[in-house]
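Listed next as structure tokens is one chain, alone, in the form predicted on its own.
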Amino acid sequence: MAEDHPKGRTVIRPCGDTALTVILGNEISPEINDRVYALYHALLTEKPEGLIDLVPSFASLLVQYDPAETSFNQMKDLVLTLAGVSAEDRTPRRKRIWKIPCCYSPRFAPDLDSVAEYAGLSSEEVTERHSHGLYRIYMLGFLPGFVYLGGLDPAIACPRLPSPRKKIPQGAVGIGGSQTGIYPLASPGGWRLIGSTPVRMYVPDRADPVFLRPGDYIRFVPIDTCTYYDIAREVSRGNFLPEAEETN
């Protein structure tokens, strides 16, 4: 996100000769993110000649195109036209909230005590604050199905680990700075782990490998260890998908 972005303006910059970046802001906010996805969906609907791929993020959209079929200026003009349409005219007004079970047991939370110490709270207060949050999915990235969530209670924000772990287990729920997230696969990582979900965020052989979508919301539902393993067994059989509710 560019720090010199003029507030309220759409800035377009070339990325080599096959892509352009549309910058809609320089902060993490629902309003700017709504504009990103409004433009994203508008381009998908328009299907302009030469469009290859779209990569949305917090406050910008990468537009990849075939220069043999269109030009930078043609794509830029179309983007500017579509970016002028109100986000409210192109995005659903209803929120989809996924209820993600999360076990905060010490078995799955090696960093819970350090987060509590940093915040000056008890471990129970940290988990209570974390599970009471409503988290917006701003973008997917880093790994397939890794959700970048906004809405963390500032009282439990905590810096990343000084040295990343070489391997974090699938389903781990962590805090990194002012964000929280779920590791969809075992991988290296530096976020502080405070829990785990038995839900699989990414299943490559599923018809829809990633069921979560940017603009959706997540609420973590505390579960005990026995329930964690009960759900994990159902997940392994393909019989479990988190509950979702839609609200205004």
Partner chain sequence: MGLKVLLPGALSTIQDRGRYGYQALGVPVSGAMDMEAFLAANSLLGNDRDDAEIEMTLLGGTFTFDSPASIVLTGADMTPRKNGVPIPMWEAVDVLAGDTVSLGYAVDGCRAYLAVAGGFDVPLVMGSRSTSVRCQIGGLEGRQLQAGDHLDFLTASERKPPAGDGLFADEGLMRAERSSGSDCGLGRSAMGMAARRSEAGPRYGSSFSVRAMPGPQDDRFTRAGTDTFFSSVYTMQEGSDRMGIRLFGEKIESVSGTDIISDGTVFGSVQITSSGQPIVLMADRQTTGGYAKIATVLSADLPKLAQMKPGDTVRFVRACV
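Numbering follows the first chain given and starts at 1. Note that the structure is predicted; figures quoted are calculated from it, not measured.
As for the form predicted together with its partner chain, it is not shown, yet the points below apply to it.
Colleague: Please check if G238 has a heavy atom lying within 4.5 Å of any heavy atom of its partner chain in the predicted bound form.
Modeller: No, no contact at 4.5 Å.
Colleague: Just checking whether E31 would be counted as a contact of its partner chain in the predicted bound form - the rule being heavy atoms within 4.5 angstroms.
Modeller: Although its partner chain is absent here, E31 would stay clear of it in the predicted bound form, with no heavy atoms inside 4.5 Å.
Colleague: Indicate whether its partner chain has at least one heavy atom within 4.5 Å of a heavy atom of P222 in the predicted bound form.
Modeller: Outside the cut-off, so no.
Colleague: Determine whether any heavy atom of P67 comes within 4.5 Å of a heavy atom of its partner chain in the predicted bound form, and answer yes or no.
Modeller: Yes, P67 is a contact residue.
Colleague: Exactly one residue in V36, L212, I182, I218 has a non-hydrogen atom within 4.5 Å of its partner chain in the predicted bound form; which is it?
Modeller: Contact residue from the list: L212.
Colleague: Only one of 97 to 105, 126 to 134, 157 to 165, 143 to 151 gets a heavy atom within 4.5 Å of its partner chain in the predicted bound form; which is it?
Modeller: Stretch 143 to 151 is the one.
Colleague: Taking only heavy atoms into account, state which residues of 188 to 208 are within 4.5 Å of its partner chain in the predicted bound form, ordered by sequence.
Modeller: Y202, P204, A207 sit within 4.5 Å of the partner.
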